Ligand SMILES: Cc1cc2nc3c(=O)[nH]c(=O)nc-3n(C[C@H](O)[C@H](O)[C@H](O)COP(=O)(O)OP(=O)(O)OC[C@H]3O[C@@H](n4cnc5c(N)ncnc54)[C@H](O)[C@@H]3O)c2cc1C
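Have a look below at one chain only, the form predicted on its own, in structure tokens format.
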């Protein structure tokens, strides 16, 4: 026998999974319904992703070395990376995703421009799973209905996952991201050459933050909020446009995007021989809203577990085999998600807390701890004296923040 794996979704999670499987010689089918998809996303990637996933320099639009944090009262705190070799990469998702997807195809994954409609799951032994899909590569704009039998499925098809629905993976709370791509004049673009901005305040988001992130020839201006506030999203977007008005005035909106973002892992991420990764699994972090690196990493880790237990593609991994990936994931990143969840609850719940958050970001120890954790994807332990100092500053900032905001 030859193991057959379907990866549904061709973003960073699915493409990274397909690449790992194809490298191991496993028969791999990678489904993506929109090969030119421009997912609404800030597009920030940590430094460790560039090396871990061998990303070429040409897909990185900007190397951000400075961050500007802007509080509800418009207090600005500038943060800069001291090491000239360090940076946060800014990418356009259509460029990054296409690169990862095409690399997987070059290594042997069969890339299918198709939309998976439903999945027939059989729970008796090693009976194959059947995917029913529309193949858009033939049959004109409506495509041709086809089916495919596989042994294992990796669900990497985002927040509205068809794969998650097929295995009854359970629901999760989610946020809404809204973003406009705005082309501004060259002199205004110069301001954002290596700078990204984050704004906090009730006017831009009641429970998250807004951003202005630089791309190749434009800036991405957006905000996010929990789905219970979905009806407010256009008003919140108007808020960030007003706050950033002086810096983006006269700009041309070239694209408007919106998308759901999961806020915690689904109750079930492996059912039978089906595993979820990336947004489909719920791997976006609280506080920062970051998901690209964790999507790619989860896809790779899931595929590595499949390869490990597949015996050179001659054995069908079991549900327990796939759950090894979940155990490894939770052990490696569980604390990161917990810490960022706490930070969001503490600092995004009122303007007073947001003032405190921005004030705290002025501290050099806080900046180093934050950047080290982000760039290298670890919850970096501060030494006890530094940790005590940060705790004291947090309490002091919260008290001062309360005094600043009525």
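Model, not experiment: these values are computed from the prediction. Positions refer to the first chain, counted from 1.
This protein has a second form, the form predicted in complex with the named molecule, left out of what is shown; the following refers to that one.
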Heavy atoms within 4.5 Å of the named molecule in the predicted bound form: which stretch in 137-145, 240-248, 302-310, 274-282 meets that? 274-282
Taking the named molecule as it sits in the predicted bound form, is residue 13 in contact with it (heavy atom to heavy atom, 4.5 Å or less)? yes
Hey, in the predicted bound form, does residue 154 get a heavy atom within 4.5 angstroms of the named molecule? no
Applying a 4.5 Å heavy atom distance criterion, does residue 205 contact the named molecule in the predicted bound form? no
Examine residue 295 and determine whether its closest non-hydrogen atom to the named molecule in the predicted bound form is within 4.5 angstroms. yes
Would you mind picking the one in 174, 329, 213, 129 that has a heavy atom within 4.5 Å of the named molecule in the predicted bound form? 213
Exactly one of 315, 323, 103, 259 comes within 4.5 Å of the named molecule in the predicted bound form through a heavy atom, and that residue is 259
Taking a heavy atom within 4.5 Å as contact, would all three of 37, 44 and 291 count as contacting the named molecule in the predicted bound form? yes
